[in-house]
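Next comes just one chain, in structure tokens: the form predicted on its own.
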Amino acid sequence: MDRSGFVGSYRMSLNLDSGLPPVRRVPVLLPYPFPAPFDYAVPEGMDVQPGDVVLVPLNRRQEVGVVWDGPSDATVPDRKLKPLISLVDTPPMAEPLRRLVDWMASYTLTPPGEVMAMALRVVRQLPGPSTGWRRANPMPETRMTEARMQVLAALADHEPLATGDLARAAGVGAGVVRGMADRGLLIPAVLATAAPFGWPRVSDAEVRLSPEQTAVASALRAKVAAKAFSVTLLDGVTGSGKTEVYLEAIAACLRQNRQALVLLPEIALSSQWLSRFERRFGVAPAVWHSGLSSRIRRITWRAVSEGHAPVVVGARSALFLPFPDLGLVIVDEEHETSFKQEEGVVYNARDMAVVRARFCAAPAVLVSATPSLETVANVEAGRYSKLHLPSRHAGAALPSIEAIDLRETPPERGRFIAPPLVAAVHGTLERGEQAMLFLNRRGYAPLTLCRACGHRMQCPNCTAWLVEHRARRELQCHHCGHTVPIPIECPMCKAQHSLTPVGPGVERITEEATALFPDARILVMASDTMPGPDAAAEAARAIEAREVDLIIGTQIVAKGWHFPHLTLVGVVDADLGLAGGDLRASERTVQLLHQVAGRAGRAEAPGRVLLQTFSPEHPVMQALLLGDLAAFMASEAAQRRPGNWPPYGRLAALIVSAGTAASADALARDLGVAAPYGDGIQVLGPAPAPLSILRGRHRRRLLLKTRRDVAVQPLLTAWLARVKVPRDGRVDVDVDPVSFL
């Protein structure tokens, strides 16, 4: 929105009836689910502009808000306006970020204050600038003791100094310093702070790229040099050096003294990424994710806002950092569904990264070895350009991929690793190489049931089975977090020691591998065992140092890692993920398995991948065995296009929840009756959600499906306006859903 609207709202307004002096008013957006900003009066002598962070009264408390763009509310009389309290000592929210907030709120049908809160959250915790002392000039007349002379002498060498530093330098107590300040001998002064992040070295003298990488890097540099919005898909086989290539785009951005943002789907992946960055640029970048301490978050936020954090790598929340001059946005592993935030403000960070780049007039680069069908469709439509790296770096070959048909060579009774995979792991370990077993399932077993009566242990708050975690001796719901100790007797029939685990998780595979390979040094990589980036960094170090022989992991091991001595990957259950009615089940499975297969043979030794499956003829398995992902994606597109399924149509979900099943059914039924209809518009449901109870609330779903050229937001707005939501009910909107639970 241009500034003319704000200027109009900022003009003097005169209350002719009351004869009161003119009142200046500004709209202020607050971090709450209000539908629009509130108007406040500007006190005499205070100058504010759009983006300024201000302290305002709200009911009986004080709140931090942002002076917003757009017209004021002329229906509110001047006499009802409350005045701004003060400006907050922090850089203003720049126009591109304000535009992103407004755009996201409109697109996701979220109150703008809730979106803005994600950008403002740290501001409410920011401390003021650090202050110290310098000598007064002129010096007031007062008695000068030896201690006071020592303080002045210390300041002659260096000023300003903080109270403690000054006292130590002068060899006096802190009370002497404070006493001198009380008598006017010392006056406060803001302390200079060292930049928390060094400026990266951008010389390319030591950079060694292949001819293919050089050509792609040159194309990306040209995008950065244009200082204009564009979107480029950077794809290439696993191990082709995509990271090294886009680091050259970052170098080009830094040469322009602009900032760069890199989004990663799993912050655990940042350890090896940070090492690569430091090797290339000589310094560490700023890191942003929810696991940082409050102090580090405050330091990083201010450094970003002042331009002292030239490169930020982070999770999806890094999108809302206050970059004053963002010159490049990179989304690594762009196909990852973990970029979708499912709670609170529901948005896809990949798509919002493209929007932020547009508002900053910056190029966006989407990186993946297995691009999403949405991104592929945008390339085919000409909205995105594409750069491709067809071969692995440094002459490494792609791994061979074979299927183990579990119908023909099943595991031994009570085991889950088939004999061909057991033999392959033995051979790999005997050669002194590393192997990996992959199973995308945490815990020991996904289901626990009673052998006597068949009772299944279910979460009391969700329609989900409790997962056994044997190491912790508990059953856990992976949706709400509910845990109970593993019971000795069945809660239904009271039979003693009758509960038995069904199916494998990584803990059970680890138990089996320990028995099969007793001399192997085993490392488990899962979110349970690697709770943060520090643990992931230590795991990566141990693997690279060859302190580990066999890695057992979930999807956390599937992407981004470079382990040069890893030559064998065994997928314990390649069919996992294909069941159910998820629109993207096949696409996600082929992406995940291709990514995990890509961990093998990334150096001189050839790699081998074994897929345990009951359906080697499935299109997903055939695409992997033949190495033809392009044909698979073309087939997926052909299946979705006629029915207007994404990316060739639009979807929006309404998730109804209530405290009782009857309330949820009634609200869902009302929404079904009021559903929109018309050419190219279809509403599916209402129907119980696959997780029909979540955290104690009953859930129903409706799905709006339209042609690509139909805007779903106006339809949703009108639809929701026709239905009154009771106090016990709630309707959440998910535009472009990726999960259907």
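So that there is no doubt, residue numbering starts at 1 and follows the sequence shown. Please read all numbers here as calculations on a predicted model, not as lab measurements.
The following text describes the form predicted in complex with a small molecule, which does not appear among the structures shown.
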Tell me, yes or no, whether E244 is in contact with the small molecule in the model of the complex, where a contact means a heavy atom of each within 4.5 Å.
-> yes
Answer for V237 alone: is it within 4.5 Å of the small molecule in the model of the complex, judged on heavy atom distances?
-> yes
Consider R602 of the chain shown here, and say whether it contacts the small molecule in the model of the complex, taking contact as heavy atoms within 4.5 Å.
-> yes
Consider R431 of the chain shown here, and say whether it contacts the small molecule in the model of the complex, taking contact as heavy atoms within 4.5 Å.
-> no
Thinking of the small molecule in the model of the complex, which stretch from 207-215, 459-467, 106-114, 74-82 has heavy atoms inside 4.5 Å of it?
-> 207-215
Looking at R650, H562, R442, R98, which has any heavy atom no more than 4.5 Å from the small molecule in the model of the complex?
-> H562
From the list R508, R584, H393, R356, which entry has a heavy atom within 4.5 Å of the small molecule in the model of the complex?
-> H393
